[in-house]
Ligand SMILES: Nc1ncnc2c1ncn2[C@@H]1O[C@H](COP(=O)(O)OP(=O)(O)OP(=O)(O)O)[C@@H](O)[C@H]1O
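Before any questions on binding or motion, here is one chain by itself as structure tokens, the form predicted on its own.
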Amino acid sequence: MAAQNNAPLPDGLEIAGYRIVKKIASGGFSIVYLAYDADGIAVAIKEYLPSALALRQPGELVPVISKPNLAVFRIGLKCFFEEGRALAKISHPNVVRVLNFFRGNETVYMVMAYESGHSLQEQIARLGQKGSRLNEAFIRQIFIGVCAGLREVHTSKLLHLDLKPANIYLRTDGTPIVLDFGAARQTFNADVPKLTPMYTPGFAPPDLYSKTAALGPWSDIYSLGASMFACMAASPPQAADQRKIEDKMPLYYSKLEANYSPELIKLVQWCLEMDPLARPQSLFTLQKELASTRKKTKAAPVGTEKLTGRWRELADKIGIGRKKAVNK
């Protein structure tokens, strides 16, 4: 993830009826805070603050935007505001709930429901340290929920474009929530200005690497497949740009055969096709395939199966790439 070099808002600050408690996350586009509303209910507040365009020093509230960056900053601010307005209309148990959005400090803030739990990436990492990985029944259950949430997002003419285990949050009861729409854009509408998107190698579809490729549900489906692969291998798949040079994924798929059903492996492989037209074209299709054999899969305890030494070696070779900008 791109570094956020801006100072966060100070703890205890009152803004638009919310009291900032502390910063809880940050990335290249934004900073997220834990806060309390007027009734003492915990919320998460996301502040639009692209580190490449704006600079805020400690003790300051309003960021400084240089004249050359001002036009792009304002386009991004408009997209962020419109995104918040679109997400606020979505009410689905598998999508983060947007409660409010407001302007302040010459930027925009998105207020979201705060829930206890942890990211899917944290769970993968925790089990990976023990030489374990997620079982098939759990993977199918989680991604059926993720597909259900993203279907609502796509219906609202939004794409996520940065889906990965770090952006899939698991409540304490195990149900998933799709988070961090910082890279989401109304890309179904050609007249909406595009900012340079952020992507995470391994999880980003080849579509994002191209200046001319059309983005659509199939783009998020690639990232869904990559996220499922990460659950199975404890590491992301080979980056799409590297696959164009030498595609090593067939070898990595074969290493999954000892622990996962042929049906699940083929489904992941289908999602990870380099050609957008060769992937599932809708989340309904993917969701249906995930559910089709779920009843046949025994729900073994999470993390009871061990990674082989060969998988450890492959995981080290693939690695998790840092998030960086695509030049479009």
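Bear in mind that the values here come from a model prediction, so they are computed numbers and not experimental data. In this text, residue numbers run from 1 along the sequence as written.
One more form of this protein should be noted, the form predicted in complex with this ligand, which is absent from this view; the next part is about it.
**Student:** May I ask you to state whether Glu115 is within 4.5 Å of this ligand in the model of the complex, using heavy atom distances?
**Tutor:** Yes, Glu115 lies within 4.5 Å of this ligand in the model of the complex.
**Student:** Is Leu179 close enough to this ligand in the model of the complex to count, meaning some heavy atom within 4.5 Å?
**Tutor:** Yes - in the model of the complex, heavy atoms of Leu179 and this ligand come within 4.5 Å of each other.
**Student:** Going by a heavy atom distance of 4.5 Å, is Ala148 a contact of this ligand in the model of the complex?
**Tutor:** Ala148: no contact with this ligand in the model of the complex.
**Student:** Within a 4.5 Å heavy atom cut-off, is Leu208 in contact with this ligand in the model of the complex?
**Tutor:** Heavy-atom contact with this ligand at 4.5 Å: absent for Leu208.
**Student:** So which of Ala52, Leu267, Val32, Ile65 reaches within 4.5 angstroms of this ligand in the model of the complex, heavy atom to heavy atom?
**Tutor:** Answer to the contact question: Val32.
**Student:** Which of these residues, Ala233, Ala166, Ile139, Ala240, gets a heavy atom within 4.5 Å of this ligand in the model of the complex?
**Tutor:** It is Ala166.
**Student:** From the candidate stretches 255-263, 40-48, 55-63, 284-292, select the single one in contact with this ligand in the model of the complex, where contact means a heavy atom within 4.5 Å.
**Tutor:** Of the options, only 40-48 has residues within 4.5 Å of the partner.
**Student:** Do any residues of 7-32 have a non-hydrogen atom within 4.5 angstroms of this ligand in the model of the complex? If so, which ones, in sequence order?
**Tutor:** The stretch touches the partner through Ile24, Ala25, Ser26, Gly27, Gly28, Phe29, Ser30, Val32.
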